[in-house]
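Below you'll find only one chain, the form predicted alone, shown as structure tokens.
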Amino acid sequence: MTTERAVVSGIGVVSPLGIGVESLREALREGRSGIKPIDRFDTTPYPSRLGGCVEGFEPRDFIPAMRVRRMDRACQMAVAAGGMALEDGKLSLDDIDPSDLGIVIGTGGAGTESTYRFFQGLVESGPQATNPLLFPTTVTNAPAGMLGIEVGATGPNTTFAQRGNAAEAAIICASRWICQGRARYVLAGGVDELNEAYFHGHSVFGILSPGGAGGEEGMRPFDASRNGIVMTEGSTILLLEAASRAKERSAPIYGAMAGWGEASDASDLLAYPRSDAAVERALSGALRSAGIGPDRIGWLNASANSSLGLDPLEVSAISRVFAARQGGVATSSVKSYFGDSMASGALRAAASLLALRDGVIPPTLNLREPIEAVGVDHVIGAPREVNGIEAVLQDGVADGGDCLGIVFTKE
């Protein structure tokens, strides 16, 4: 057991904003959206056409060709992002004991495409004609397992399927493992794949923009015209370790996991919390855990996802936590750049760490008529450059009622 904080020393990104952490940084600075019309499958039966699709990703750039065919798209993206995180963090697996490296990944859609294709083949062609290579990737924990196999990690390996907070829950778990001495290093983050089966399910439940409210399709967090989410995909993996260990090996340090808070208030599996109380408890708990006050938060990386239910709930909770702060807390949602998925919290965490390192807060794209509230300072239009950000508070609010907050600080 150690009393040290876990720090993030490497980041790997496969996202609609590009491949690699620098592509993410550039897109956030340029205000460049990764949301485009979906061309991977036919969307004509649906009212929604847009998605945050990963483009320009070549799995063979990261994985030996003979092993690529054993993986579905979700596994390929997770393995690639994990390898990039190790490289970015300057950690060679030849220099450590494999049992010292743990893996924890959050996901919502991993395995859905393989499951759909496997059972489709089973029904249409029978057991003898079904592709047996699909079966191992029908399980949700396939990406974490494949990543462990590829890098040779034999430490703890687990998967979170915690609705919209799956990736954040994985990152919190990784920090606990570091602090408890269960692993010296942990690859933690999330992965989701955008496919027709997953898209269909979200559309049937009216979650996607333009939804039942009609209007223009798009991702508009906090805006009065918001009318549903745009789905996204990709994988972001963080490398975590104890601060002293990162310093010993001269690894880059993006920031520290200073604290987190968790709460819940479920009314339905598809509904957001019944009130702002659970969101407020999670945010306040994160601040208490980190030992800092609301006045020290330089940016609130919001969970707002352009849905009718989540965004006003979150604004209300933020206003209660930061009501006494003069001018309010700088607030924006980077989901406006790439959309939302159950594992998008890992890409948001990478954005939190970049803002902490670079002192640049990305604006919420497409925000023209914001939900106003005391304590909320919406960042709109252009990135806001700040002379040093001491701490970032990342908010997570999921359907099913799960709420959490993570405080990242400079080490």
Partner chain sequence: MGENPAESVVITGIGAITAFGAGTGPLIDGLLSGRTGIRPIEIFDTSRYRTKVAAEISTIPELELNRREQKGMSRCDRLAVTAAEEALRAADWESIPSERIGIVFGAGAGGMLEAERYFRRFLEEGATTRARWRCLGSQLPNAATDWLAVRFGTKGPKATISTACSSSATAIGYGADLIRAGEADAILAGGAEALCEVTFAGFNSLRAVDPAGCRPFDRDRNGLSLGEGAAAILLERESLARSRGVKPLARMRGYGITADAHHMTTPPEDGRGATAAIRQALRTTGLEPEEVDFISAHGTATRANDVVEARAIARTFGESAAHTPVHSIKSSVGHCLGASGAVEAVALLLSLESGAVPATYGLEHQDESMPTLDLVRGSPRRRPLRIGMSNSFAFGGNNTVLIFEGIDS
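Residue numbers count along the first chain shown, from 1. Because the structure is predicted, anything quoted here is derived from the model rather than measured.
This protein has a second form, the form predicted together with the partner chain, left out of what is shown; the following refers to that one.
- By the criterion of a heavy atom within 4.5 Å, A169 is counted among the residues contacting the partner chain in the model of the complex.
- Contact annotation: R73 falls outside 4.5 Å of the partner chain in the model of the complex, judged by heavy atom distances.
- Proximity of G400 to the partner chain in the model of the complex falls within the 4.5 Å heavy atom cutoff.
- The partner chain is not shown here, and in the model of the complex it never comes within 4.5 Å of any heavy atom of W299.
- When contacts are defined as a non-hydrogen atom within 4.5 Å, all of T115, P127 and A197 contact the partner chain in the model of the complex.
- Of the candidate stretches 239 to 247, 198 to 206, 307 to 315, 328 to 336, only 198 to 206 has residues whose heavy atoms lie within 4.5 Å of the partner chain in the model of the complex.
- For the options A251, I96, A266, I292, the one in contact with the partner chain in the model of the complex, meaning a heavy atom within 4.5 Å, is A266.
- Though the partner chain is absent from this view, in the model of the complex it lies within 4.5 Å of a heavy atom of just one residue from G259, G218, G211, G89, which is G259.
- Residues of 144 to 158 placing a heavy atom within 4.5 Å of the partner chain in the model of the complex, in sequence order: G145, M146, G148, I149, G152, A153, T154, G155, P156, N157, T158.
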